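Here we start with a single chain on its own, the form predicted alone, put down as structure tokens.
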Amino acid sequence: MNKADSERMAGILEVMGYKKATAELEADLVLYNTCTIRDNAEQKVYSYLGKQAQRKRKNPHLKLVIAGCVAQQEGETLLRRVPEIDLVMGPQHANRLQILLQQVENGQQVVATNEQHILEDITTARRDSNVCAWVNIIYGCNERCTYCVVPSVRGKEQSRSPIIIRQEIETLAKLGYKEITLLGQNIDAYGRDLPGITAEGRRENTLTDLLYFIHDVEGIERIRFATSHPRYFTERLIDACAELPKLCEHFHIPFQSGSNQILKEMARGYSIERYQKIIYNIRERMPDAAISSDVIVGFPGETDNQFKETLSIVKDIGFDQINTAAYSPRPNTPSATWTNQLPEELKVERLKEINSLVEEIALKKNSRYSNRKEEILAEGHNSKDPNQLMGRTRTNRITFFNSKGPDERIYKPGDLVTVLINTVRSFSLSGTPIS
């Protein structure tokens, strides 16, 4: 989500005449797009700002902008802490960057953190890839998970119009993009704030409806979406993914904890049995589908047995990949005020244990690709070896392969390449292009 916001703001800056600087400490304007979902991400902001504040004292023409979730969370407090900042702007104001910078040009120090209705985005993103593109379909989140700061910094859910989304995808296809990833903090909530009920009484404009609506855009080869919430994940969505050939067989569905008691205290709104049923239904329809997830260890009050329940779910389901994190108390969240916080050493210990298990299982899951032919969409060159391309399988496995194929053919980013997998690692694959 932050990546997509950064691309949009970079596009606005280019329209204004800015060019990307060669070095962070040489730029005339520095914009930090921030994340506050973990404390360590937030602390990085202040370490970066210290160097820029020193520059600003010597060069008052330097413009310093803090955007994103830390900006929304801290607001004017940031100005008191670092008075050299020119503009503080929350995620809902990303489209308004040009207007806000014009106010800065007029000598104002600006804080833009008020709740904002996100008008349809007419900005042109400066995308980092020429092959794969992010497409926001819903902003904000209405959930109230007790550990999560996102709803307070990204605001209420706001779904984009299906027609406008399709138009954006059509434009991307004309520009040569081959893959799109639909984005939402809680993507299954798409359309809840849009009008429309079918004759059968079913709500229209769901994520599933949108997938059918955009699927036939010519030129787009692959479609992905993230991030799903188990509470709203439907069998109809699974059916769509099984039926629509452009939909990739990869699902990112956070489960957060293997303990029903912890899930209840997190206010996640589902049981671990409900989660397991979703995975069972996916694998029944798409046996080879990849499942990735998010998990938090060390939540307030988590017992040894509850942590073991999480380890058990990781083993039983056999995830292809899991983003793990030790619980981090966040401002304005209920669980941050609870008195049963766990010691940092215990959280770190549990994080190490689950990471070791995740890596072990990921290697086992990846072993199924050994000596298998996989269709890889080449996204770019391997930064460590210019003779290799990097791409992903439909199931989201990063894959490296030589750019030179059979009959001396040279493959390039954007090509769909059949690769014979000959090396398997926990988090990536390597192979050889074949005819």
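Values in this document were obtained by computation on a predicted structure and should not be read as measured data. Start at 1 and count along the sequence shown; that's the residue number.
Not pictured, yet referred to below: the form predicted in complex with a small molecule.
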Look at the candidate spot formed by A289, F319 and R397 and say whether the small molecule comes within 4.5 Å of a heavy atom in all three of them in the predicted complex.
no
Can any non-hydrogen atom of T227 be found within 4.5 angstroms of the small molecule in the predicted complex?
yes
Answer yes if any heavy atom of S328 is within 4.5 Å of a heavy atom of the small molecule in the predicted complex; otherwise answer no.
yes
Within 4.5 Å, heavy atoms only: does R38 come near the small molecule in the predicted complex?
yes
If we define contact as a non-hydrogen atom of the residue within 4.5 angstroms of the partner, is Y147 a contact of the small molecule in the predicted complex?
yes
Sort through 212-220, 72-80, 328-336, 350-358 and report the only stretch with a non-hydrogen atom within 4.5 Å of the small molecule in the predicted complex.
328-336
Using heavy atoms only and a 4.5 Å cut-off, determine which of D294, D239, E170, D128 is in contact with the small molecule in the predicted complex.
D294
Have a look at P254, P91, G258, G191 for me and say which one sits with a heavy atom within 4.5 Å of the small molecule in the predicted complex.
P254
